[in-house]
Structure formats: C-alpha cells, structure tokens
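Two forms, one protein chain; structure tokens for each follow separately as structure 1 and structure 2.
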Structure 1
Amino acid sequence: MEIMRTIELGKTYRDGEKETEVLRGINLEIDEGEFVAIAGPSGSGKSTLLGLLAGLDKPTVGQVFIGETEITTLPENRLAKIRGRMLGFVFQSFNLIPTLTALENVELPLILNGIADAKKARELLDLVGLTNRSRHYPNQLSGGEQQRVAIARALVCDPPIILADEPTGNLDSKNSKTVMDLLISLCEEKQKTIVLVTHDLDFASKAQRTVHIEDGRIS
C-alpha cells in the first residue's frame, strides 16, 4: 500500500531572468511502513524534493499525493492540517524554538493541532531518553539531545510519515548512531514510514531502499 507518490514532479527556481531547474521528472512511490533513503551529492535537489513531498513548496510541474490526497493544489491552511496529522519533520539544524523548554517544544504540535493529550509529550520525551531534560531550554541541551527532542516533536501527533533531512548532519558519530537507531526502531516497531535524506551512504544502506538523486533526476 503506497502512502506517498509523485508523478512527473519538477521544480524550477526563477530569479528574475535566471532559471535553475533543480528537479525534473521525479516519479517516486513510497509504501506504508517503508524506510526510504534519498541520497545524492550536495546541491542535487534532495532537500527540495523533501520540501515538495511535505507541501512546503509548490512544484513547477507534476503532482504529489499523500495517501489519496493530491496536495499540490491545496490551500495553505489545509496543508497545515495535513502536515499536522500525517507528517513529522526532523531537520539538520534541529529547529527547536529557543524560548520554549524541551517539553514545551514537544507539546507545541499537540496544541497547534488541537490534540488534548497532556501526557503524550512526556511519553515521547521518555521514548527518546530525555525524561530528566524536560525543563531545559534548547541552548542548555547538547546537539544530540536537541535532535532527540526534535524527533520527539515529530512523533508527538503520531503521524504515519517521518521526513528527516540530514538529521545527523550536525552530530558526531556517537550521537548520529543514537539518532539513526531511533529512526530504525520507529520503522520496525511502530511501522512508521521514514523518508531520510542523507549523503552518508553508510546510513543510506540501513534503509530498505535507497533513491539516488543526481542533477535533479533519480539515477
């Protein structure tokens, strides 16, 4: 059963006269519960693709489906709802909100999506092993800890899909391993669909399938 699908997806950035074609003719199908890695050199368009999959940006041509829904034509507020219910994000640069504590950062999606489940956030902090860091602010946490908070945040609304853009990019090898193990266990134990962007082939090899991107095409 596929949960994400793209048809002839293409993206061209237009900056005044200058046009850069970043992605073209991407046809990708991702099954429910699958762990897919997207690999490729820097500048190949991995992040752009991930952004299109999540509806953060609009494609120039082509379509993106999440489940049965075609998201490319949806208005921003419907997209926000879909992001809230279906997708969890993990970024390279953690992107935690500095004035919120770890716990509050994890609570935020619950509140924005109107989910009244006060215990959920704490459960997820337990899951990522940060039970006693809940009252710390991001600047009081190590990089690895911050990324685990970010993962907890991505999971808190219980979305079926996790999109991770180089989640280990800013981490040392030990922390990277912790994060990777966490993602793998999510796929194996909780049947989450995971889309991992990385240029580390070592990590990519741990996925069930690796999609290589070069010059904006699947190679």
Structure 2
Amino acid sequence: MEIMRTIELGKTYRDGEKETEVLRGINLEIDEGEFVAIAGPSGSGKSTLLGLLAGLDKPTVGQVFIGETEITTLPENRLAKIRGRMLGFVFQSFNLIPTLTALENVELPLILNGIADAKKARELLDLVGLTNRSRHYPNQLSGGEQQRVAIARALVCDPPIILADEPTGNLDSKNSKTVMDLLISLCEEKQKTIVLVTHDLDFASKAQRTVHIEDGRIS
C-alpha cells in the first residue's frame, strides 16, 4: 500500500533575478514498509527532495501526498500534526541537545507532545543497543552512539515513516555499517518505511530500491 507520493514535483530557488531549478518533474511512489534510497552526487537535489517529502519546504510546482493527504497546501499547524504523527527524522549532524542525557534526548519528543514516558524512551535506547549509555551526555558519546540516540529519538513517537538525510555522513565505516544495519532491521522487523538520502552507492545498494537523482531529475 502506498504511503508517500509526489506528482510532477519541482523546486526553484530565486535570488533576485537569478533562478536555480533544483528539482523538476519528480514522480515518486513509496510503499508502506519499503526501504528506499535516494542517491546521487552532491548538489543533485536529494536533500531538497527529502525536505519536500517532509513538508519542511514548499515545492514551486507539484504535489506531495502522505497517505491520502496532500501536504503541499496545508497550513503549518495541520502540517506539524502530520509530521508529529507520521514522520521521524534522522540527520547527518545528529541534532542532539547537549545539555540533555541520551535518555532525555530520546524522551523529548514525547514531552513536547504532552507525554512523560521514560520507560518507552529506555526501551528505544535498548533497541539501538545503548541501555548502558542512557545517563551520558552527547559529548560523552561517540559519533555512532550519538546517531543511534538520534534514531531512537526519531522512533519514540512510533511514526510509520523514517526520513534519514545522510545519516552516516559523519561516521567512520564501522559506525556507518552499524547505523545502516539498524535502519535495515527497522524496516524488516518493525515494518517502518525508510527513506534514506545518501551519496554512497554501496549503502544505497542495501536498500530494497534505489532512486537515482541527477541534475534535479530521476534518472
């Protein structure tokens, strides 16, 4: 069953009189429980596409659907509710709050939604293999551990879709493999839909399907 879809999606950035067309004519369908890699060289439009899929940016033309809902025309308050319910985010830069422990970072999305559930946060840290690091602060964790905390945080509200933007970009090969194996297991064992942006064709090959983008188009 389809969970995300785009129709003739395009994005153009304007700087004064200068226009830069970053994406054009993107038609993409992603099924529930599918692991899709979006691959392409730097500057090809991969991260821009992920931002449009997440509703973090508005397309110049075209439509984005999450489930049956077209998100491109929604006001921010409704869009925020859909993001909170449907999407989890993992970024290259981890984006952990330095003054919070690993456990507190994972629990934060729940608290922001009016839920205090440290037990669930601990269960997610256990899932990513960091039970014994729950009281550590980000600066006391390795890069790979920080990224696994970020993945636990993305999962804590149980969204069906995980959007990951170059999640291994700041990691060495060993930690990169750990993170990729974790994403694969989330798809296979938890039936999460994973959309991974990467420039690494080796990692892209581990997804169920790879979408190649070049010069703003699906090639």
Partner chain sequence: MQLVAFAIKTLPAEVKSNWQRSLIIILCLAVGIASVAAVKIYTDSAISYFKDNVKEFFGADITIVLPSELTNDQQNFLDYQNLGTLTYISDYNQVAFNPFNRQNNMPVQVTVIDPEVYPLYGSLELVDSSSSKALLSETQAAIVSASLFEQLELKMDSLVIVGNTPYVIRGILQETSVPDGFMGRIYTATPPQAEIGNLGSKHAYLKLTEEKDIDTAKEEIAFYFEEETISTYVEISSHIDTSAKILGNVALIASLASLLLGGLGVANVAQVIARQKIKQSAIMKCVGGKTWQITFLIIIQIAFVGLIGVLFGFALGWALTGVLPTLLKDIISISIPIRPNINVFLQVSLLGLLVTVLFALLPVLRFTKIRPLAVYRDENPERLLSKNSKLVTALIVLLLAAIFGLFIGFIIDSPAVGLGFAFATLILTSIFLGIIKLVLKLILKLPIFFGTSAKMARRSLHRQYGRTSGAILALAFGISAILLISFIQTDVLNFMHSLRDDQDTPNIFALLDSESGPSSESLIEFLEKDDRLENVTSMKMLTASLETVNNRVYDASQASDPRSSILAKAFLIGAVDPKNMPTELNYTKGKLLEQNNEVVMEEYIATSLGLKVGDKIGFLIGENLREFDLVGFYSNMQKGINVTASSYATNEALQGLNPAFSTELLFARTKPGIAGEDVISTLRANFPNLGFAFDVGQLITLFDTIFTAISRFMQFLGFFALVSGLIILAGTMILAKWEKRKETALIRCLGGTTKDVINVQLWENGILGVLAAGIGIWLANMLSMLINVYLLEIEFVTRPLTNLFAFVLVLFAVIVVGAISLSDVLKERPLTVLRNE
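Just so it is clear, the structure is predicted and the values come from calculations on it, not from any experiment. Definition used throughout: the rigid core is the maximal C-alpha set that superposes within 1.5 Å between two forms. Only residues modelled in both forms are compared. Residues are numbered by position in structure 1's sequence, first residue being 1.
Here, the chain labelled structure 1 is taken from the form predicted in complex with the partner chain. Superposition on the rigid core between structure 1 and structure 2 places the CA atom of E123 less than 2 Å from its counterpart. Segment displaced between structure 1 and structure 2 is 113 to 118 alone (run of at least 3 consecutive residues, each Cα moved 2 Å or more after rigid core superposition).
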